Every structure is written in C-alpha cells, then in structure tokens.
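Shown next are two forms of a single protein chain, provided one at a time as structure tokens under the names structure 1 and structure 2.
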Structure 1
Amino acid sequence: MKKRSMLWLAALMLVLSVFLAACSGGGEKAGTKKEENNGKSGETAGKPQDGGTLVYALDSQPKGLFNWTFYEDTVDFEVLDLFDENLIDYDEHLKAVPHIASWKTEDNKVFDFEIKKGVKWHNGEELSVKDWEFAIYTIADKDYEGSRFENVRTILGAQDYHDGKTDKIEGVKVIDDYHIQITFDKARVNNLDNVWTYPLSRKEFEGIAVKDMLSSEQVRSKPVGLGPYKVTKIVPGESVEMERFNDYFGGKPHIDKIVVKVIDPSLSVGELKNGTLDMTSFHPSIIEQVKALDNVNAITYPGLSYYYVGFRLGTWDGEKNVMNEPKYQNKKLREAMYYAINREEWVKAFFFGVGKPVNRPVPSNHWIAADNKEMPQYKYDPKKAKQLLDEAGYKDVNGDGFREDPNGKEFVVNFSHYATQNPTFEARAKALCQYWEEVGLKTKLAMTDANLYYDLLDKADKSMEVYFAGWSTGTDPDPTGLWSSKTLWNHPRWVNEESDKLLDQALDIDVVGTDNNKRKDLYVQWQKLFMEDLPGLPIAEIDETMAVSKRVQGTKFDVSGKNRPNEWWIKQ
C-alpha cells in the first residue's frame, strides 16, 4: 500500500507560508504582533465625521446576482448587505427584532405585520407591503429559478399556487400599503424566522416575467435597494461603486462613497498596509500578517459557519431528493473515510487558530448545538478506517497499493473542492486526499471554479461524487433548510424518515409549545441520528475574521454580523 508521511503536509505548508509572507507586502516589524479585537474596530470616541470613500474588498468574484430573491453565495451577500435591507433584524442573541416591519401573533400561525411609513427605495418610490407580497408571489411562481421556495412553502396556499392549482396565495392578505397578514399552513415555532422577509420592488420589475428576472439588469447591473448606499456603477467581476442614500430610513450615512472591489487575497495585506484598502473579510491563513499591521484592527467574532465533506447519495427530481446513487451507500465506507481524517492536525494547519474540529452539523454558537461529548467522536484512527474498509469488502486485490470495490473493480474517490485565488484551498483539499490514500483509497481531486461549484451541487451533477462544502447557517438554527429530504440544498440528497420526523416535531407547536428545552432535545436527537448515518462528515467550524482600517470608526460585529453601514464613519 502506498504511503506518504505527513512530512508532505509540513512541506506543503512551509511553501504556503513563504508564499503568504511574500504576498503580505513585506517589511513586517519584529515585535509588533497585536492581539485581535473581538467585535470592535478600535476607538469610536468623538462625534462622527461626514465624508470620505471606503474601499471594501472581496476575495473572489461575485456571481453578480445582486438581489435578495436570487442571490446564492456569500460573496454576493457581502455586496447586497451594503445597499439593501431585510424587513426584520436580529440581535446579538439571534432573536428577531423589529426593523422596517413589526408584528403581532397570538398563535404562531397568523401574523399581522406593519411596516414603517416613508421608507424609500433608491428609485424614490415608497416601500409598500405590496412589494413584499410581490416577492412572495415571485418566489412561489413555477418559473422562479432561485432557491428560496422553502422560505414561502409553509405559507397557506403557496404550494397550490406553485403547482398551478390556484392563482392566489390564500395566506397572503394585503390590508393597505403598510399592513399585511400572513397565515401559515400550521403553527410552527420558527414561522417568523423562516418566512421570506425581503421585499422586491414592483416598480423596477414591472413588465418582467418571472422566468426573465434572473438575467435582467435589475438583478445583474442596475439593482435597486432600500439600504444606506445605492449602486451607481458595476463592472462585472471587478467592482461595485455606491454612493450614500440621503433618504435612508435609518438615518443619513456618514461616508460619501463605498467602492467594493475584487482583490487577489495575496495582495490584501499589502493594500491594507498601504491604506488603499479599508475593510475586508480575510482567510485565517493571513491572520498573523493582519495582526502585525499598525494601521489595521484584526477582528474576530463568533461565527455560524461549518465545513463538511459530503457524499452524492442520490439525485434531485425537481421536488424532492431521491437516494438512488449506490457508490457511497455503504455506511462503513463513509465511516472509514471519517476515521482516516486527522481533523485536529488539518484544522490547525489550515485555519490558523480561528477554527476547531466539529462533531455535528450545527455550529457551537447556535443554542440547539449538542455538546460535542454527546456525539460520536470519529477520532483519527487509520487502523479503524482500514478495518472498516476490509469489513465492507474494499480490498487491494491487484497489489497496486489501492483498494478495489467489493466487486473487485477499480475504486476512485472523485473529490471536488471549490477554487478561488486563495492558495490554501487546493492545499487543504490535497491534504484530505492524502488522508484517504493513506488508508488505501485512491483519490482524484478536481478544483472547480467557485462560481460554478454550488450550481453543480444544486443540480446533483454526477461529477460531484464527494465534495467539500461550507455553510453559514443563518439566524434560524433549524437545520430543515439544509437537511430535509425535500430541500434543494440537501446536497448529499440524504433521505431519512426519522430525520424528517424529528425536524418537523421540533417546529410543531403541538409538540414543543414554546419550550426551547423540548425543542433542543429533539434537535440533539437529530444531530445524533445524523452522526450515526453520516450523509456528510462535519470537519470544522470557524470564527469570522475581518480587517478594518483604524481610520474607519463605528463598526460593530457580533454573531448576527455587521452593524449597518450608515453608522460607520471615516476619521478625517
């Protein structure tokens, strides 16, 4: 059996660290290492000053879907978050709080919403609840091409509208321009957290068929929002320019302009040092270089993201997942691949102190997270991995050092990882491949462009047999949106009746009432079931990392994300 020692990984990381140091702009001072700031960007004393331009960097190209109804990834999200708004907000405990909309409910089934008067779109039109109704109808339309139907499916009548059985959604009732009533098909604990609360401008999309919206200029090149900044220019794949929106309902912004541009991650430290970049999220691999900059605060704050390795267990038939792909159905094979990974070593090597191994598909910062000690551990044990593979019939029958499948045919783990300009991604993918080859599983790596990657997963493309994925779970801790048998984003196409039952019960008012302890107990049972069945292998969870120039004041970060940009200002 072919073996390569972990000296290979050490050598790889040495080369990588030299590369990152060279790209950091050089000239680092000895003894200037600073502790990171936890959620604060430095001094905020004094009266906010108006004026200036803030440069905000993205580390990869956005797909260019600049509308909440259609966006798919975190890069587009970063742009959207600067110029558009959710109707509701979330506090540092991830509890829903009024923002543009407030609400009342007596039974968690019928909700009466009221929106603020005088909230303006960037085109000058006043926001109406009819814009929210328009968004719900768009997402429920049979021709809608996005991935948000799960966020309206539970509204009474939405499924019938989607299926063409009716031309009205029974559960959506507009009272007047500022009041709307939404009725769900049943009372659930998370109806408010799950429902779609991003309006869509009727004026902007007037006359555009739902099937044509995704490719429209209103989504791609001339987006209009409700936020503190409005888009003035987009250079696809390169930059987005914005100017402050003086009629923003939350108060006139202080900063004149925001320029969002794509910067090669290898250049970001140099640009931060030179003062040509003010704010960017960054990969943990450069955290020490960011900390060493005298003019920048390296900020870490609690994250809601985790990474896992998934298996293509089935297909998506357009409505639900069907678990009909045989290659990775043997649970012992999946268990063996988990035991083969030295997660402690891997996380330490590639997440540089801001990550840790995780034993469940729920980040620790969510209140439903089971104690890691309650979960099966799957600690690094290559002997156990080899034993499981032997038991499952994966043996080296031709003496080439790699195992054949139980039928004696060649077996190759076709592993996919998304590709950006970040050099650590291919390095960490190759390290995972090495772990599997150490136990005799021949592995072939494909680095796939990040802008295509999740489209392929959504389509259950056959090329995505074993894949690496990261998820930011959002404010609602319920895992249904990712792991229900009826959701598109269940990329392994895992179908398990007990899983669906537990997820449904955890949201059922008749089962849990408003008792969060009962609800958490069901989610803990679900996490145990997931870790026993292993449709995916949870690998790591990480904190969020941001670099903010010390000239930028008024920023705040917590588990719910960044504060609104109208509160930021530049120290002149």
Structure 2
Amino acid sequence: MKKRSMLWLAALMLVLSVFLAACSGGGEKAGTKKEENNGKSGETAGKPQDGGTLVYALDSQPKGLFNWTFYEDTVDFEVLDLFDENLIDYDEHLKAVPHIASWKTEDNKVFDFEIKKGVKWHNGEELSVKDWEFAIYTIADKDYEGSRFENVRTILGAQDYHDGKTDKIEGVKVIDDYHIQITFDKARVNNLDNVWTYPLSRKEFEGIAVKDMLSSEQVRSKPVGLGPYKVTKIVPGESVEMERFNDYFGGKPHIDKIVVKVIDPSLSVGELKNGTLDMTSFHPSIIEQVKALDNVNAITYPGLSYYYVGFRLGTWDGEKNVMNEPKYQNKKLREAMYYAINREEWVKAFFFGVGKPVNRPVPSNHWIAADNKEMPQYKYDPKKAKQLLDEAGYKDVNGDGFREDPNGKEFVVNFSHYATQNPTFEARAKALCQYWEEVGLKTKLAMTDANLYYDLLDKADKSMEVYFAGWSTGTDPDPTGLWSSKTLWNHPRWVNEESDKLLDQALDIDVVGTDNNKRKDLYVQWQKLFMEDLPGLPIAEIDETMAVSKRVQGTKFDVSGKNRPNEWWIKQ
C-alpha cells in the first residue's frame, strides 16, 4: 500500500511538472498587443516625483575602468554615462551642441572655450578648465596606456610633448578657471568632433603618476565625476551603487539611488517581469518576450552601425591598398549579387523586426546620410541579376545548374561570416548563400571564429573573398578611417581616386569652410559614388533596443543615446 502511494506521488509530480511547463509556455504568448513607443516611454503622469531606487542591468561584467580617460569598452561606458559628463553634447543628428562648455572659433584652428560656472565635482571641488588641461596632459603623457592619444594628437604641440621634446603643450592655453584656448596643428572641419572633451579631476589624481593612474582606486573603486549620480560603492564584476548628487549642474535628480547590476542575459526577462529590474539594454533576439511583459516598455531607437557584404578587390601592401584581385573586379557581377539578395525578407527574418535595409555605408540617422530616395535602390530582382550575369559572361556551360566564369571555368563564391555563440549567424549567412545560388552562383560558406575574423580582414587574407561585416560609427561623420584607399580598415581594398578626392575635400577647410551643408553635399556625392562602384553591398542597419519599466518616467532615447538621468523619475 505504501509503495502504491509513493508511485502516485511520483506520477502526480510528473503531471504537475507538465502543467508548469505549459503555463510558462502560455505566459509568453499572453498579451501580444503591447504598444511599442519609439524613443519615449510613457509621458502620461505630469509632474516628476522624487525618490525611489532604479535598478539598471549590464549584460556582462564591466572591466572596472570607471574614468573617461581610461575606459575602453561599452559596458564601462554605460556605467560612466550615469555618473560623469562630457563637456559638450550631441543632438539627435550627432551635431555638437554646447553642454558644460560652449565654444567660438573663427577658422576651425583656434577654439575659445568657456565653461559654465559653479559646476561641481562629486568631491565638492568646482570644475575648472584646468581639469580639462590636466586630462589632455595625462593622455599626451608617454606613460599613458589607454587608446585616446588620437584625440589629442591634433592639438598643436601634443606630439612633441608625447615624444618628450617639450614639457608644455603649445596649443593648450588656460586663460582663467572658466576660459581655455585650444589651438590645433592645422584647421580641420572635424577638429571639435575629434578632440578630447572630458575633464579629469586634478584634486583626485593629485600626486599619482600617470602610469599608476590605471590601477588607482580613483579609477577602480572610488571614481569621482560630474554627473547626476555619484558612486557610493563598487563590488568588482558585480554591482555599482550610486546616489543622487544634489549639486548636479543640470538640476537636482529625482531618483534617490541607481543600482547597476550585472545580470546574465538569460535572466533579464524574468527580472523585468518580477519588477526587480527597471532598465536594461537587451539583445534584439528576445524583443518579443520583452514586448509581451505588461510592466515594461520595449524601446527601440536608431543605432549607429551598419552591416555590409564586402568583396576582396585587392590587398594591403603595408602602407596603402592595392586593387589587384581580379575575381570580383567585374562590376556587373557585384551588381548581380546585390540584386539577388532580398534584403527586406532577410532583415525581417534575422534582425527581429528592429533592423531595416540600408542603401549607403552611413547609418540613416547621421546628419551626413544621403536621402534614401537619391540613392540607387538595388531592389530584390533575381531576373535582373540573372540578366546581368548573362551579360557579364557568367553562364552555365557544363550544365550542372551553376554558372561558370566568362572563361568557362568553375566559379564559386567563397563567402565568410564570423562565428560566435550566436546561433543565428550561421542561419543568416546560409540565407545569403541561398540567394546567390538561386541566380546560379555556386556559393561556399565558411564560418570563422570572431577572434580571428577581423585579423584575417586586416591582413587581406586570400580566404576572405566575399565577407560579411559591420561597422559602428561615432559622432565624427568622416568615413575616411574606414574607406580611404590608405586605411587598413578599408577591407575590400577599394581604391578609387574620386572617392579619396571627395573624402579629402569634405575635410578641407579651404573647400567647405565652416559650412555643414557644403560638407554634407560632398558626403552625399561620396555615398552615391560608393553605391555606383559597389566595393561592398550595404545590407542593413539595426536599432538599439532598451527595456524600461513603466514606472520609470521621463526617459528619452535618440541616436546619441539616453537623456541625462537627472530627468528620469519613478512613479510612486
């Protein structure tokens, strides 16, 4: 009898567990009709309320370099952004706008900056331009180990200081605590976009040698900033606690405390649902699950990256690109491969509804982006693709169903895609292969480990014939670093005199002066040229995705990121 009841218990447990599984499956489907706010979370209730604690999640561990001068990755950036400030800000088209600092310039060579009075560091000191001067000197120091020297190199005399030839940077002149004059080595249109505009507290780093700063507790465990929240406690690799900074120059923040925690991405939906997490960015693949939550808004806002398929047109000779690889030189072949791809369908299938096809190597929301209507469209048209291939002489001569090259030899598209743990990568790469096979181009796919992938591209390795890649761009719109014939990261090894000329002119102060429209015109011409010459096939751009609890109000997102956290508040 006893045995019997135990068996029953076991059976009951089994049945119960089935119910449990069914419940969790159904829960995700329930409530599919959730509105999706673009850029804003509900601004329903009017007046901001003070108080509350906001929990913000990071999907991986920060490195713990909590200082603008030393940080490297986006995870540290997310934390820094909450408690420290840039002196200048960027609007929704990524144009520089005054923030703490405003500036005047006649010739784009000499800039006069003025900073607001009464801006306080978390340690109570008032911000002075000398803190900015200190940051520039630190970065230019030969012992500085970060990667920011590029951002001060253009200042007159910075290179000499870095090389130890002088002990003063000629181009940095402090006038008083609120005024500083910065002179660049020559006039450039993007001097302001490029220069380092983050101050470093002199008081905090007093007496610390530059080479010891990186491991100092001022960077690691007790950072000090200018932002709306100040750090109270850091548990390395796990959490950062912040509390309201009442003297924030932009106005007293509403929320009492912000807790930044590292939460494994597999748990974020559950935490959001439980209300134990208020704000996090998330991977677009779980957007449906986030949208299904009643208490959370899934927010999408434009990102700054684009993906493209590149062709290896040449090689890198150590100093410049040489376009000497014959296989894909035929423009009709490249055009045909573009027409063969159904980008609408592909983006819908693999970018989870948060991406869109793109027709230029510049993200749509950048102010230099050309109007989509002006661009060649290359709409999905397999017939046209076949016709182009026929014209170019790629015909099936041996009857195996695939085209041979104009000389009658076997033609195989060797396509590479990077591989990480993400299982959708192989599927989306295969889908591209399929498009090409449908127009008769035999395609072979190689998935390459992501750690090796860009190395191979940098070396112009022969195995990377046709490849999938993405770039994210910063606030500086200039594509020279990625597409000029002299840059390493021009991975297709595209050499085009016209392109180089346009890119140079757009930076040339004598041509464009300080007129942004003139500059944009040149970039539009360049984008047209790119789309006509097709060294790569721009495929798609993807939106950033952010989950924000409905109790959090006053948040705004645009291409430049979040609004300042002092404007956020929590509905009590």
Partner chain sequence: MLKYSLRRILGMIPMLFLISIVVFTLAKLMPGDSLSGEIDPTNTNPQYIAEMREKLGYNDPLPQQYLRWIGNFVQGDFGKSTRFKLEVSAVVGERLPNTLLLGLTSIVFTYILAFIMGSYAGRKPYTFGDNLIGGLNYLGLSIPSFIAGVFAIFLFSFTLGWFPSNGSVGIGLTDGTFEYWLSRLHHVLLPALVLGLLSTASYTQFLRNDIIENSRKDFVRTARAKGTPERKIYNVHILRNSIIPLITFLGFDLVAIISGAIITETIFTYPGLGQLFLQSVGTRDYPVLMTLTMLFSFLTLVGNLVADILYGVVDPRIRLD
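Under this definition, the rigid core comprises the largest set of C-alpha atoms superposing within 1.5 Å between the forms. Residue numbering: structure 1 sequence, from 1. What you see is a predicted model; the values in this text were computed from it and never measured.
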Only one of these is the form predicted together with the partner chain, so let me know which. 2
Which single option from D264, G303, Q61, Y380 is at the hinge, given the motion of the rigid parts between the two structures? G303
I need the hinge angle between the two structures, given as the rotation of the smaller rigid body against the larger one from C-alpha superpositions, in whole degrees. 33
T514: Cα shift between the two structures after core superposition, Å, came to 3.9
Once the rigid core is superposed, tell me how far the Cα of V524 moves between the two structures, in Å to one decimal. 7.6
